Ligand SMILES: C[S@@+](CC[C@H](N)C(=O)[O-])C[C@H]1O[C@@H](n2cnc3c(N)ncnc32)[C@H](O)[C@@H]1O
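Consider the single chain below, provided in structure tokens and representing the form predicted on its own.
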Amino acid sequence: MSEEFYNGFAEYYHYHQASVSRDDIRFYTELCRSNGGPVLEVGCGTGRTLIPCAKAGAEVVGLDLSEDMLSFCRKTTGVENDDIRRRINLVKADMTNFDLKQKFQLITTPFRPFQHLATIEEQLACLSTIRKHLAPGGTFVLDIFDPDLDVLTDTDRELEFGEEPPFTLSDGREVTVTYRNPSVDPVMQVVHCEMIFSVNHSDGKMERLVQEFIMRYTFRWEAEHLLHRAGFRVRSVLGGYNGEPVGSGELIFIAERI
């Protein structure tokens, strides 16, 4: 994944509906409380889950490749009190190859950053690097979506879909988000995605911004196999953040080191 992936989009990404409406924050904050010790969040982005985890008392290292996302996270963290800010350390690094010289009791990947890795080699490199940073007895949470074959086999890819309710930024810009999947590679299991921001400025100017990215979809047993190859044992698999069974839209793997 390119370092420029989120450049110019961090603010829009932070406030869009699919991000602010996710019900995973309680799940991750409870994991922080139950595991104790330091936490590493891989793909921390703008701090949507990282900051609540710090507020819950965790010492959190947030790792991300995008300087734009990290800058927005620093800005968001800056309004918190000194105790919370001291519990947060942000690191710019590639999730497939980093060395923090520290072990963590809990390592998480909220909201699917792992799926920006396009090849098995990148996926295994990421998992192996995470394993090196996981303390004995610690917990690793891999968060990906459960592939929907109806969506993946839809051939009408010119249409935009999933229009979200508009949101308004502090300077008066009103933003509406839609999506498009121009192509799907069923051999590589890669979806080429577009996140489209329609921006209505306070002076009446209209702007259309397109963020392009890829998501590699991974099926449950494939993910379990990857985790095993990388040296993990899967303790449980959830279909949602409230303990739903697999088949509910998410795939959340709770794993430990072998």
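The first residue of the shown sequence is 1; numbering continues from there. Small disclaimer: the values here were computed from a predicted structure and weren't measured.
The form predicted in complex with this ligand exists for this protein as well; it is not shown, and the discussion that follows is about that form.
K.L.:
Contact between G62 and this ligand in the predicted bound form at 4.5 Å, heavy atoms?
P.N.:
Contact check for G62: no, nothing within 4.5 Å of this ligand in the predicted bound form.
K.L.:
Contact with this ligand in the predicted bound form for V141, defined as at least one heavy atom pair within 4.5 Å: yes or no?
P.N.:
V141: no, not in contact with this ligand in the predicted bound form.
K.L.:
So, R216 and this ligand: in the predicted bound form, are they within 4.5 Å at any heavy atom pair?
P.N.:
It does not: once this ligand is placed as it appears in the predicted bound form, R216 has no heavy atom within 4.5 Å of it.
K.L.:
Should H116 be counted as a contact of this ligand in the predicted bound form, where contact means heavy atoms within 4.5 Å?
P.N.:
Heavy-atom contact with this ligand at 4.5 Å: present for H116.
K.L.:
Could you tell me which one of A93, A135, V151, I120 places a heavy atom within 4.5 Å of this ligand in the predicted bound form?
P.N.:
After the contact test, the surviving option is A93.
K.L.:
Want to guess which of 202-210, 185-193, 219-227, 41-49 is within 4.5 Å of this ligand in the predicted bound form, heavy atoms only?
P.N.:
This holds for exactly one stretch, 41-49.
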